[in-house]
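Shown next as structure tokens: one chain only, the form predicted on its own.
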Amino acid sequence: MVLEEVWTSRFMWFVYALIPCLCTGEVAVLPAPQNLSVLSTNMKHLLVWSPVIVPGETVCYSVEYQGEYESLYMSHIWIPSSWCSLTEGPECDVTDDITATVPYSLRVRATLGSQTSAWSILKHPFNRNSTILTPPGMEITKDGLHLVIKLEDLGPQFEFLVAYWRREPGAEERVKMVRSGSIPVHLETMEPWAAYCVKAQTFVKAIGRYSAFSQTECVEVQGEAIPLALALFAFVGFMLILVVVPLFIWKMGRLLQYSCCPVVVLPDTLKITNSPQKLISCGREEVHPCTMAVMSSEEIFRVWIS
């Protein structure tokens, strides 16, 4: 009698367990995703989970989130993720969903045709202030004697604290706040033959946290070398000056000499061949018989045209 009751109770339990499957027509229940976690670096948040494997089938996933506001003021409602409604990969970028520095609950379920799994909820709520901040990538260049830095663009939430100094004992470290990346920024006008070092860290005002400093990078200014073409041009110009300037001075001297003190060459008829005394005596002898006459203008004109 007792044995019969035991078999009867087991048979009824089996019937009750089979009723849901008979009503829904489902042979097996789709398992829920497992091992939920959030990978967060530099304010980029990625929810990942172990994929649900169904041979020969493609399983899709849906993600929902619940922040502090939804939990306290909206009756614990869950909001579908912006980018993860029936996504095929076992991950979801929830960066655009995490908009406040408060705990967020996240859940995911699998879907295959008309089947849906139960929801799997992230074990511990996620807060974006736990994101991992890494030092920014930076590029140090020289523009003449100007020290220039270009930082990695990590997004509008990021600012950068840049420290730089001259590499010498007792040098003062200077700090400059850079508001955005990807734009070259002038840091310092360097002195020739000196070395300068730079390091940087990120700062996110929304969570009030700094990253570690990047590795220090140093550059050395070795004085700007004159290009070969410019050097040759300067040499040729110098040689031209050495030749042209003296020639110009000599020419100007000769020109001034001819202008101010011209050299008059007398014709042979005017050259004095006899002694001055003979010329004087001869002149005296010729003066006496000479008679002076005054010529009129008409006579002068006739003589000039004849």
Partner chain sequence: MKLQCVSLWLLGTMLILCFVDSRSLRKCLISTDMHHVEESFQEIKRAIQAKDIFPNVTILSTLETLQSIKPLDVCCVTKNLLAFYVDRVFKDHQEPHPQILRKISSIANSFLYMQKTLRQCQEQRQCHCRQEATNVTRVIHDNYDQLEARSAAIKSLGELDVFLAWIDKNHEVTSSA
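These numbers come from a predicted model, not from an experiment. Residue numbers count along the first chain shown, from 1.
Below, we turn to the form predicted in complex with its partner chain, even though it does not appear here.
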- [ ] Have a look at 132, 74, 112, 232 for me and say which one sits with a heavy atom within 4.5 Å of its partner chain in the predicted complex.
- [x] 74
Task: Heavy atom within 4.5 Å of its partner chain in the predicted complex - the one residue of 141, 116, 216, 157 that qualifies - done: 157
- [ ] Consider residue 61 of the chain shown here, and say whether it contacts its partner chain in the predicted complex, taking contact as heavy atoms within 4.5 Å.
- [x] no
Open item on the list: So, residue 101 and its partner chain: in the predicted complex, are they within 4.5 Å at any heavy atom pair?
Closed with: yes
Open item on the list: Taking its partner chain as it sits in the predicted complex, is residue 81 near enough to touch it, meaning that at least one heavy atom pair lies within 4.5 angstroms?
Closed with: yes
TODO: Answer yes if any heavy atom of residue 68 is within 4.5 Å of a heavy atom of its partner chain in the predicted complex; otherwise answer no.
DONE: yes
TODO: Choose one stretch from 164 to 172, 193 to 201, 93 to 101, 143 to 151: the one whose residues place a heavy atom within 4.5 angstroms of its partner chain in the predicted complex.
DONE: 93 to 101
